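You are given structure tokens for the same protein chain in two forms, set apart as structure 1 and structure 2.
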Structure 1
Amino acid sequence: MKNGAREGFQFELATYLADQDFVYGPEPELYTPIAGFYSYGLLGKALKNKVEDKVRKVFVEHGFFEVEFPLISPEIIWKASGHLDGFNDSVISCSKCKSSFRADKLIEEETGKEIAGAKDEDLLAAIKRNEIKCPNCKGRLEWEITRHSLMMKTIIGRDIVVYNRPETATTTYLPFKRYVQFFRGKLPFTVFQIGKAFRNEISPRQHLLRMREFTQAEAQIFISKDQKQNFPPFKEVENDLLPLWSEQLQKSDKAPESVSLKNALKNNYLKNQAYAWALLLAYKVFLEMGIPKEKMRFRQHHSNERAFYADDAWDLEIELNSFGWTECCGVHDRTTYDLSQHAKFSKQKLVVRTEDGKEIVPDVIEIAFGVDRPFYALLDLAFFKRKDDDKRTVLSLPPSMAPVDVGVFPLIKKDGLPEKAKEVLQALKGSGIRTYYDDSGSIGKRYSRLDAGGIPFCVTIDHDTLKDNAVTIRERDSLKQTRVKIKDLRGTLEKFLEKGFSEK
């Protein structure tokens, strides 16, 4: 999709998400909106909950325990982590309207090429070479790049300087001594955290992809160096495939390869078994949400892009209709950096004693992503117009991710059909199937409303229902229908929601 078409799609999708009660904003809409802040609406919050539920499901199934840490932490924590001194963005301003922009993202948006890790002088050169103008007024950009801190500072009490956390990961490391006690000192041990984070973006753009307040889900694997090379869970999945776009492939201008974990190690794409396993786990999280395989790839960070302490780093990217290939998850081998830094600044030992009596600082492998980006990706990929009626919008979400599972309709508002529909609702009560009752307007308009809201199935009660105690289930995408007895309705819908629609 070309830039012009993408911009049109972006606007159409954003308008749709607001009109269909998925995402409101920028907020506060009632007053003067501030860029980078959005609300999840009535359907949006239900979908966001399902995204978070899938994250929890996958991590818990693989032995991770969840923690929750305060959003606000003292200054010393962010000094130790390096955020206070190094967490900033390159900023360039317009000479005419004085608007400010993040330089690297502006270049990527205008050229479609990634420029991560570039130095300030390289950013300026790219702006000049591509003759990039101010997006707002088309004026000339200043020939100077400044640095802008992303940290949000506040005061507790009268004079205690604190910061809203810019990520969940750092706060997940802080109870390390508690983890050692809980897991009885036996590495590896695994934890994760889902919660809010804050970044003082200079010019938030791209809707939910770059916000000042957002939700993250980050998992940490604490592990010894020996265990990384000999990781028992790896053996069970060594033949599983991942779409890998290594640094070598990128430099030779080759496409990503579908490679087994075993061969990825053999070909030196990946360095150790535990890291390969973590990549696969991240992949499984997104598959569980319903992101199609063909829309995902792992891109390895170039050596000049990685943090100095990172042994390896790969991003899971999703190909969006609105923004092209977009980073939605990062898997990082952070070695001993974080625990060593917090040990240094807290003046406490953060170690584990091995079976032979040695004290070691564990390495950390991190799976880091936000909830908002996969949420947006699901909607971006699911949004389409019907070929037979381009005025009708359909949100083709995977049934298990739909904000509402089933619409229940009486064909008309008389002849006892509403009363029979209420019996159907009662039969589904307590099943965990979320229903939406609607008897307003023609049946066609009701179908259309629920198609636009992503609801996968509609159950219609008609005059024949009064005779045979059966209802019609209509599937959103194919428009196919099947007749089912009310006594079998719950089981049939549960099967459809899990495995997809079948007319039999």
Structure 2
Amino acid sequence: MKNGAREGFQFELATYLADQDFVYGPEPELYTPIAGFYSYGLLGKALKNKVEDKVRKVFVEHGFFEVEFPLISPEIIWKASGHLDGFNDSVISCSKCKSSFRADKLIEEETGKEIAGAKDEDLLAAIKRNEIKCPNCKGRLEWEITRHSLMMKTIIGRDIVVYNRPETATTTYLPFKRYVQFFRGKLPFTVFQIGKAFRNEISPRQHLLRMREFTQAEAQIFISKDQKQNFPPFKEVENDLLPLWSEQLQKSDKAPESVSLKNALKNNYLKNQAYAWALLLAYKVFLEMGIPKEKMRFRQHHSNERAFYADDAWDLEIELNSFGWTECCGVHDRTTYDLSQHAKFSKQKLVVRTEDGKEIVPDVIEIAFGVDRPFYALLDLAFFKRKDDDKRTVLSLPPSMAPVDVGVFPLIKKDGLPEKAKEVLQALKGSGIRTYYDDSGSIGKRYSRLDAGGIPFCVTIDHDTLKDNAVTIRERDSLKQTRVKIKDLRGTLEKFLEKGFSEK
């Protein structure tokens, strides 16, 4: 999509998401909204829960254990992690309307080119070279970059300085000694955390993609350097394919390649087995959420983009209709950096003992992403694919991710049909299939409403139901219908939700 078309689509999508109760905001809508804060609405929260459940499912199946650390933690932790000193945005202001903007993002948006990691003078040069003006009023930008901390500070008790955490990862490292005990000192071990994080961005934009409060999901693999090279689970998946766009391919203007893990190591795209396995795991999480293969690629960070301690870093990007290719997950080899920092600041030993009796600080490979972006991606892709005609707008969410599984409608609100519908609801109770009952207004309007919310199936109770105890199941996208006995309804819907609709 061209930039203009994209902006139109962004606006249309945001409006749709609010109207259809997926995302409200910026919040508080009722008062004066603050940029970068959104709420998940009556349908949206159900979808967000499903996204989180999928993350949990894939990680737990692969042997990861979840933890939940407080969102608030004291200054010293963020001193150790480097956030307190290094976690700030480059800010440039407009000389006319006094608005402030994040300089690097402004340049990227105006030029379409990455400028991450640039120094202040490079940012100023890029603004000059590209003749960038204030996006609000077209005024001249001030010739100065200032630094704005992203940390949100508060006070506990009477005087303890603490911060709302800017990421989950650091807080996942802190109970390291507990993990060593639980896993009986044996590397590798794997832990993850899903939870809120906070960044006081100076000018949050792009809807759910850059918020001031967001939900992260970050998984950590604690592993020795030897195990990275020789990682037993690798063997089982070495022929699986990943869409890799290495630094090399990017620089020579070539497209991403579909490469098996085995070949990715042979070609030196990837450095070690454990890292390759982690990339694949990230890919599986996103596939499980229902993001289609052809909309994903892994882009390697350029050497100047990476954190100074990172040994390697690739982003999983999703091609959004609203914003183009967008980073939705990063896999980082953080080496021993974090554990060493916390050992230094806490003056404690953070080590494990290897089989030959040596004490080592494990490396950490991190799979880091947010829940909000895949949530947004699912809706972006479904909304783009929607079918609009005179009668209906259909949101084609994957059935396994729909906020509600099935609408239950008596054809009309009399003749005992609502009572019969209650029987149907009863038959589905406790099954885990989420129903939505509606008996008011025309049946057509009721269908339209659920189509627009992405609900995959509707069950209709009509006059024949009173005689034959059968109901009609209608599929959202194809409008195909099938009739089943009430006693078989639960099993049929379970099958449809897992494997898709079939007429017989």
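We call the rigid core the largest set of C-alpha positions that still match within 1.5 Å between the two forms. All of these numbers come straight from a predicted model, not from anything done at the bench. Just so we're on the same page, residue numbers count up from 1 along structure 1's sequence.
Selected structure - the one that is the form predicted on its own
Note: form predicted on its own is structure 1; the other is not.
Using a rigid core alignment, state whether the CA of K429 is displaced by 2 Å or more between structure 1 and structure 2.
No; that C-alpha moves by less than 2 Å between structure 1 and structure 2.
Aligning on the core only, does the CA of E144 end up 2 angstroms or more away between structure 1 and structure 2?
For E144, whose C-alpha is compared between structure 1 and structure 2 after core superposition, the shift is 2 Å or more.
Using a superposition on the rigid core, decide whether the Cα position of K349 changes by 2 angstroms or more between structure 1 and structure 2.
No, K349 moves less than 2 Å.
K128: CA movement between structure 1 and structure 2 [superposed on rigid core, Å]:
Shift of K128 at C-alpha, rigid core superposed: 3.0 Å.
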